[in-house]
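A lone chain, given as structure tokens: the form predicted alone.
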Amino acid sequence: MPQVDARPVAVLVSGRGTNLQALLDAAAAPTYPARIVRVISSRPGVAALDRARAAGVEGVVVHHRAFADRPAFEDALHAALVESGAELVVLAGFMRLLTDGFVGRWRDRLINIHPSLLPAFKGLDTHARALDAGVRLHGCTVHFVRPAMDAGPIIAQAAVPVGPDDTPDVLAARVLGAEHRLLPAVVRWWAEGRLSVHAERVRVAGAAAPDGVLWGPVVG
């Protein structure tokens, strides 16, 4: 049973929903300070909606193809978020680019998880590109969303080593494990009031990193 005063969070998805599952699992703990109030998918029939249903969380579809244009889609998305009462919106595998207008409505209340150590490897195919570049560290980033793709103030990052025999799939699985630790921690920090943005840099007050994960930037 979530805390009575747990802060409401909505999650936007488009696919499998493994990061959503990490959040649902975290929110099931009675001491977790956030609760998932609605899951919204840009596509029908995705596994993420099944995960929400299994956890007793409302799942709805705002199908981008059902609208004449992007502003109409985003107006419907915004209405569904407002109706849910969410104070924070998490993009967890949400495969739609959002316009300046939508991002502005949710400024500093909209976060994204991306499978690279931003600003490196924005966009798609991040693991194959990391291997092609020969990097020795790869990972994931949670950041506040800004209008440009995969841009915005970095909240925290988790790094993983790149092995000499890694394939994109092997590396992706290692990064995904880090994502599943990183995202619930960042949402906890937000719910506890530890996050603030100053001149497009994030301060995280009094947070500690769990074993096995590298974080940054974190300041006391």
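In this text, all values refer to a predicted model and were calculated from it rather than measured experimentally. Residue positions are given as counts along the sequence shown, with the first one as 1.
The following text describes the form predicted in complex with glycinamide ribonucleotide, which does not appear among the structures shown.
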item: 4.5 Å heavy atom contact, Ile113 to glycinamide ribonucleotide in the model of the complex; value: yes
item: Close approach of Asp150 to glycinamide ribonucleotide in the model of the complex, 4.5 Å, heavy atom; value: yes
item: Glycinamide ribonucleotide contact in the model of the complex: Met95, any heavy atom under 4.5 Å; value: yes
item: Glycinamide ribonucleotide contact at Leu176 in the model of the complex, heavy atom, 4.5 Å; value: yes
item: Candidate stretches 176 to 184, 163 to 171, 23 to 31, 60 to 68, one within 4.5 Å of glycinamide ribonucleotide in the model of the complex by heavy atom; value: 176 to 184
